[in-house]
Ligand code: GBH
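Presented as structure tokens, the chain that follows is alone, the form predicted alone.
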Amino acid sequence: MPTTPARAFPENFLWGTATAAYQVEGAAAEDGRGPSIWDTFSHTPGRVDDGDTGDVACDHYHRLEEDLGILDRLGVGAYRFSISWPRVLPGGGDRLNQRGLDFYSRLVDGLLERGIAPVATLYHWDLPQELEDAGGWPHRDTALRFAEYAHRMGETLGDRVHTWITLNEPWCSAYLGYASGVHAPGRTDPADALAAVHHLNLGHGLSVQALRATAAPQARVAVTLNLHHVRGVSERDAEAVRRIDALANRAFLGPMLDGAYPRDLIEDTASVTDWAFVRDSDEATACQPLDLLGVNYYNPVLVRGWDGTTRRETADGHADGSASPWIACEDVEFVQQPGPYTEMGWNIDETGLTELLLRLRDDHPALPLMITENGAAFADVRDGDGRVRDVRRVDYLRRHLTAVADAIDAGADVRGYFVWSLMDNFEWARGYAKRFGIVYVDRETLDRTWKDSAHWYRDVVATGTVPDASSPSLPE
């Protein structure tokens, strides 16, 4: 393993870790919680590996105090969690479920008591099933309901939440949920997927307005995007890069940050939709001032123009479904990249993170950045002594934190980093087989065990320094 020098981060850099409601909470039918699209999807045979569901997940709902204690001992400055929309507003209606709200109030208060900043994501994919039955994100009313939900959360929790994140990875919600169907709700209509893109953008802008009107003035408001760092196999593949960048990145960056959809995206997808769902002033509504842009990064993608005759490669890092998430990109292929790989089959390449952050530095220099997710799944096991020696994860985190430091040194305004994830959890359509956590969760007992990476990350947080590759990652 090559030795790299230790890297010190700015004194006020925010160190955190993250989870999402459906992935950890469990208690799926308790205390008035209504069903979400992920409840329906995971209970549909064949949708999730091994028939796994989030019914129990990590039982975070009942083990809140234990998990708050883990966060406290980690020493993190912030914890990113998501609010389950159907837990606080079952059915997506206007009747507040006080028992559900009380859970998040206890969570927020417990974090503040421990000096940990609450970072709340409003939407991490768990749309109330009743709203999907009424049309879901392809329908405008869902964006309006989302704004009402944001307003209620700003009224009830906005005096204590440090940072609000409106949406997590709307790319996944729109394209994996409505185009390829490998995520909930499992639909495969490309025109609906593009309508979902727009109504997610619109819902974001409306929810920012709602939060500004209800939350504390000092609360920060952000959105989290899983921006794809797209590379071409050669210079001849510039057109393939442009098409994927438009669909993956600028479909959200354009309306949210620049106030308009990119013209080339509209032209690329003209055979699928006429974009008549975009009404006057929608793009201006989507473009609300933000305090931060959340960036989720796991790996880059490599594309080239497809010749139409050879076997088309589809190594985009997402599960293959009966349809493609890449709408109107039939002439583009995703090329398998060299390893090493994580258990998700994603190649490990931290240079893409530096390059992505520098692109954002150049394109949006006034907008501070936050790494809201970064991490890796590996086949972790507890040894006979009860220890989880996840040396590959430690190396992954070290490499990617060094990449963030490189970007900061080059002028990127990166304010914080959240490791994904606090604990092994329900990894969506992959069920429980893929372990992303720095804390190991026994699937039989749900007992928590710190992995070596948790001890390593605790020391990084305590010192604000990423050690060089020769430093041990052993617990005390």
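Just so you know, these numbers come straight off a predicted model, no measurement behind them. Start at 1 and count along the sequence shown; that's the residue number.
Not pictured, yet referred to below: the form predicted together with the named molecule.
The pocket of the shown chain is blocked, since the named molecule, superimposed from its pose in the predicted bound form, puts 3 or more atoms within 2.4 angstroms of backbone or C-beta atoms. Using a 4.5 angstroms limit between non-hydrogen atoms, Trp275 is distant from the named molecule in the predicted bound form. Contact check for His124: a heavy atom falls within 4.5 Å of the named molecule in the predicted bound form. Proximity of Tyr175 to the named molecule in the predicted bound form: non-hydrogen atoms within 4.5 Å are absent; the residue sits far from the partner. When the named molecule is considered in the predicted bound form, Asn296 lines it closely, a heavy atom lying within 4.5 Å. Considering the named molecule in the predicted bound form, the lone stretch of 423 to 431, 41 to 49, 440 to 448, 406 to 414 in range is 423 to 431 [heavy atom distance within 4.5 Å].
With the partner omitted from this view, the residue of Val394, Ala195, Val301, Leu167 that lies near the named molecule in the predicted bound form is Val301 [heavy atom within 4.5 Å]. Residues Phe13, Tyr79 and Asp291 are none of them found to lie within 4.5 Å of the named molecule in the predicted bound form, as judged by heavy atom distances.
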